[in-house]
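The chain below stands alone and is given as structure tokens, in the form predicted alone.
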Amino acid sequence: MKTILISVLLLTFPLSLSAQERPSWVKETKAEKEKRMAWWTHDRFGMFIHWGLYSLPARHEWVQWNEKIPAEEYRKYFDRFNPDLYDPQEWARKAREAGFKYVVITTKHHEGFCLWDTKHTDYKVTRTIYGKDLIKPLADACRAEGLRVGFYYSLIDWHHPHFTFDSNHPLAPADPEEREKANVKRDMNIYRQYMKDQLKELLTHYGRIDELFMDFSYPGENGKGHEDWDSEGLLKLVRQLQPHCIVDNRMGMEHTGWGWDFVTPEQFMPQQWPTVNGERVPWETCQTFSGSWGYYRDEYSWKSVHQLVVMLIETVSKGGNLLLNVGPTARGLFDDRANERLEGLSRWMKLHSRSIYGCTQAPEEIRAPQNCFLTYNPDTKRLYLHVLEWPFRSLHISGLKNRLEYAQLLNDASEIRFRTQTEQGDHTTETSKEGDVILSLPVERPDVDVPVIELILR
């Protein structure tokens, strides 16, 4: 993951849902797709885990690229990788307690190091001092905690001898002519087959895989796009092996309506529900606790628990999912800063998860008051008012005339009184407008990161 290189791909491409004929193997209808994705649009909250050799230098997952570290020097991290404190059951438990519903882990990042016992390279965890598959025990632990399992797989591979040099390769010669000469010895056909062989392993040896995050295309001169990856061939393999699996939009198939399931804004919040040709599409924003994805010991721009809670609320208020990242240490632990935030999320979600799971953007005719976000559960017909700044005495909501049956604080189920009649105020009473609902609030703010008022509609 790298925001400055990826974000240009997001929400800016002129997608056309009918720009390319569907292949014969693509038969899914819109209704069938919605059914396949129903669990995902319900659960809303996933944990991302970025883990690899880069956890040893501990200064960004792109450290090899940032510092142009030669392969022979980078090898020292492979030789010393030994996550002896890795406890997948603990990871899964922490994820569940913090309110996550699914976990997506990097099986291979751009450095090319594989966290499972693949048969197609020796650049894998089972050849390190640790010597054991990291993926299977985590997948099993997640399922035991009731979490769904997703895999991240990098299309980019700086280690593979047949991944051709390009502008995003840390070991590429700077001179274009020298780069072209060096690529004569590299064959992308071999690398394309390597990706298919590895995907087949991941999708056949580890049980049901619910989400696949393929990362990432960068088409254009001296880049790589869908033809370089044979993205159609990769997606066809996924649909054959695990047809239920939800796949992101980073394989360069944005010009089709069938080559992706959701869009992926990274490290920014869309201003509104993303659309393609004027139609709202499923979306999942991937975000970090800090400024990097992999473990970064000396990185201090960590978001507060409050910021993370608000980020989750805002995402759901715009109909999206949040994939929130943890970067474990080289010994296999979540560091104290990550644990502190997970515990904070756990406290808030324990009391307020009803305003997240099963929820989406509120009906357009209902407008949130200032400093508030609305989420809505269409099945239960409950509206959730998330109050970022606690006001004095009252909140006005428009668009709820004759629709509100009952109101309560979600953290303790205590009643919130309200009135709906239009009244002319005086020097001690505020004027209410036609169609407004006025909630009468306690003066003291509830002692939670973001108070939520549950509005039960008729």
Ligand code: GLC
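Bear in mind that the values here come from a model prediction, so they are computed numbers and not experimental data. Just count from 1 along the sequence shown to find any residue number.
Keep in mind the form predicted together with the named molecule is missing from the figure; the text below concerns it.
Contact with the named molecule in the predicted bound form, defined as any heavy atom within 4.5 Å, is confined among 211 to 219, 78 to 86, 96 to 104, 301 to 309 to 211 to 219.
Checking Ala139, Leu235, Cys286, Ile246 against the named molecule in the predicted bound form, a heavy atom within 4.5 Å turns up for just one residue: Cys286. Contact with the named molecule in the predicted bound form, defined as a heavy atom within 4.5 Å, holds for exactly one of Tyr123, Tyr376, Tyr191, Tyr152, namely Tyr152. Shown alone here, His386 lies farther than 4.5 Å from the named molecule in the predicted bound form, counting heavy atoms only. In the predicted bound form, the named molecule lies farther than 4.5 Å from every heavy atom of Trp65. The named molecule is not drawn, but in the predicted bound form it has a heavy atom within 4.5 Å of Phe48. Residue contact check for Asp230: none of its heavy atoms lie within 4.5 Å of the named molecule in the predicted bound form. Residue Arg250 is the only member of 228 to 261 with a non-hydrogen atom no more than 4.5 angstroms from the named molecule in the predicted bound form.
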